[in-house]
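The data below hold one chain only, encoded as structure tokens and taken in the form predicted alone.
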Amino acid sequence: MNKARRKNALLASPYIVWIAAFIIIPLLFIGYYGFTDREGNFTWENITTIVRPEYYNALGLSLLLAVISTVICLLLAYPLAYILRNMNMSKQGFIVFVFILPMWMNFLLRTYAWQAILDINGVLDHFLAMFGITDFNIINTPAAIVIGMVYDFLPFMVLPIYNVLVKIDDNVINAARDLGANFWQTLFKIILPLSKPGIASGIIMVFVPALTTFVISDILGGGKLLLIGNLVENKVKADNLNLGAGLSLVLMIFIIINMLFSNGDDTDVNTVKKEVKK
């Protein structure tokens, strides 16, 4: 038994080293800089700076756009993941591959592509002009930032939901239908509860980068809309690591809250069976 434990510990050691090097140590540095000033003295000022109007407004706008983007991604991803689950197996893998293919492209290139589409006299303007619609200006607006977020982060919502849906036993669904449940009853009482872990993972994977992004707002917002990620970037570039780390710690609070709300009680198969019997 001791040999087995030592073997497991040895196999896990690279992962432990990776966690220490790229998660724990950076977090310790952020915590140190966030609670100290330039002289290394302890202070709360880097945290309390968030109550200033310019920082508070940037945080509020970031939270709003992150929530909107996450909701839109969920509304688009769930039907798509459900359709992929019910497709023929031979086509299923190919469609999933095509869907995640854009993720292999550079993040900046994808965002600049949307700038070319949404920009004044861009692709969208020329397309709408064919139908007599002119002066349609969406670039440098919150809507443009949301579009960029949804496009870039949608795969992170689809894949976790899809991975959970494909593991649902068809016998459970067929049992519900045999007992007289219609499509909507089966969806809301069987499929949706069993897919909650995938939904929770997708929400976290979309909300976190949407809340902390600064590249999308720089490119599609034209620098006119400052999100909290932009302020952190500006402070770090200005060699004010302490304030940048303090703002990052504030962001971590909202990320932890999101994770706590997303990771609710998982619905197990036994609970679903009770619903089927009802």
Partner chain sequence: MGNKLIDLQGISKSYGKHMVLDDLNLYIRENEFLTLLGPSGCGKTTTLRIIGGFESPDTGRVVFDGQDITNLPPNKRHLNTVFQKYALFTHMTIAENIAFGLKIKGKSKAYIDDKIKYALKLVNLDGFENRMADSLSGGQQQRIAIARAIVNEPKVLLLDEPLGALDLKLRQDMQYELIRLKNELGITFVFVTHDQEEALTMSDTIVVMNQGYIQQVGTPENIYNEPENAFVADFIGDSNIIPGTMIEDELVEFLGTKFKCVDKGFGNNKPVDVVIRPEDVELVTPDKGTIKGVVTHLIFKGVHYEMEVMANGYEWLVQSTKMSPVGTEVGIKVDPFNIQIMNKPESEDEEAVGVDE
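Quantities reported herein were computed from a predicted structural model and do not represent experimental measurements. Residue numbers count along the first chain shown, from 1.
Keep in mind the form predicted together with its partner chain is missing from the figure; the text below concerns it.
Novice: Does residue 75 reach its partner chain in the predicted bound form if we count a contact as any heavy atom within 4.5 Å?
Specialist: Residue-level check for residue 75: no, no contact with its partner chain.
Novice: Quick one: does residue 163 come within 4.5 Å of its partner chain in the predicted bound form, counting heavy atoms only?
Specialist: Close contact is absent here: in the predicted bound form, residue 163 is far from its partner chain, nothing within 4.5 Å, heavy atoms only.
Novice: Closest heavy atom of residue 86 to its partner chain in the predicted bound form, within 4.5 Å or not?
Specialist: No, no contact at 4.5 Å.
Novice: Closest heavy atom of residue 172 to its partner chain in the predicted bound form, within 4.5 Å or not?
Specialist: Taking the distances in the predicted bound form, the answer for residue 172 is yes, it comes within 4.5 Å of its partner chain.
Novice: So which of 203, 158, 176, 144 gets a non-hydrogen atom within 4.5 Å of its partner chain in the predicted bound form?
Specialist: Flagged contact: 176.
Novice: Name the residue from 181, 118, 199, 150 that puts a heavy atom within 4.5 Å of its partner chain in the predicted bound form.
Specialist: None of the others qualify; the residue that does is 181.
Novice: Taking heavy atoms and a 4.5 Å limit, what residues of 179-207 are near its partner chain in the predicted bound form?
Specialist: Read in sequence order, the residues that approach its partner chain (within 4.5 Å, in the predicted bound form) are 179, 180, 181, 182, 185, 189, 190, 193, 194.
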